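Next up: just one chain, as structure tokens, the form predicted alone.
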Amino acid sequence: MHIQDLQEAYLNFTKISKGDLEVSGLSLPIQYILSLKSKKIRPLLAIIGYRIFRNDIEKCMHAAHGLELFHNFTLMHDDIMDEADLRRGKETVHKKFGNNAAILSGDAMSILAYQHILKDCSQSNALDVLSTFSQTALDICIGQQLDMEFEERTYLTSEEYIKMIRLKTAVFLGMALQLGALIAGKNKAESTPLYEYGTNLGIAFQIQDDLLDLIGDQEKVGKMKGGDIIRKKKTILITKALEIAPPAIKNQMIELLHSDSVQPELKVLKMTELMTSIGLFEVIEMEIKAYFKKADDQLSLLNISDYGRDLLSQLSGHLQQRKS
């Protein structure tokens, strides 16, 4: 099986499986966000983590779907906190259904996630699976809190930013791989290199997202181009730029970022020009490659078949080549 086959198996599962809730005001926002086009990376990782050790992937589909439910729950609540209008090129849930519906439906999704994960657990692995998932869920909350706190900070280092995205985004990818392995019967020690592998992929993945927000195709990315700059978010682009820019350009960037008088499109254009002038995008590309290399370094610690290594290699290549 190739990655595309595993993706197709998951999509087929979601088509034939029945909805968790009767059609209602609670379920409609859930159905809406799940219907939006997405990469579905997290369920794919869980299936890969399982398939490395076992063939019967149908026995981890509920858990994989639970991760997708939980991920979308975090997106629904993040969009409310960010006051975002678009998600994947469509109206965000709170814009379409209202804040209260988005909050409550998001809460329901977090509960449904646990129910789905439990369906694939056995008595021997349920404690490890649920404790691993719960710890990551808490890490994501801590990461989101750091993200909000950082918005109030005048200056942020790139190292601090990496710490935040590790918790908010990256550990979820690592946990997804590890969860699949745990459900397949592996213990925590055996599956930890998969967690580290996925976490480093996750950091690279988020840095890519920050880069694509500014230089990606707006239609493919599904978000306003340069939206992070317009919202004055201190992404890796901003934090790294302020570290490497000469004083004159650094001052221009700070003034431009915090200005409310410059039109959004012009602000994005000018910031892009300043970043280009200091070679920032090449530096960020090197950073992305470094984290993919850190992920690959974990493979030597895994006792898996050549097929398993090939599957992880496909995964790394799949993420490195993405454009949205």
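A residue's number is simply how far along the shown sequence it sits, counting from 1. This one's a predicted model, so the numbers in the text were calculated from it and none came from an experiment.
The same protein also has a form predicted in complex with a further copy of the same chain, omitted here; what follows describes it.
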Practice task
Within 4.5 Å of a further copy of the same chain in the predicted complex, counting heavy atoms only, one of 250-258, 113-121, 231-239, 203-211 shows up; tell me which.
Solution key: 113-121
Exercise for the section: Run the contact test on 14, 36 and 87 with a 4.5 Å heavy atom cut-off to a further copy of the same chain in the predicted complex and return yes or no. Expected result: no
Problem - Answer option from 215, 245, 126, 156, heavy atom within 4.5 Å of a further copy of the same chain in the predicted complex - result: 126
Practice task
Name the residue from 196, 107, 160, 91 that puts a heavy atom within 4.5 Å of a further copy of the same chain in the predicted complex.
Solution key: 107
Practice task
May I ask you to check whether residue 70 falls inside a 4.5 Å heavy atom distance of a further copy of the same chain in the predicted complex?
Solution key: yes
Exercise for the section: Report whether the minimum heavy atom distance between residue 144 and a further copy of the same chain in the predicted complex is within 4.5 Å. Expected result: yes
Handout entry: Touches a further copy of the same chain in the predicted complex: residue 299 (any heavy atom, 4.5 Å)
Key = no
Handout entry: is_contact(residue 269, a further copy of the same chain) in the predicted complex, heavy atom dist at most 4.5 Å
Key = no
Practice task
Give, in sequence order, every residue of 73-108 that has a heavy atom within 4.5 Å of a further copy of the same chain in the predicted complex, or say none if there are no such residues.
Solution key: 73, 77, 80, 81, 100, 103, 104, 107, 108
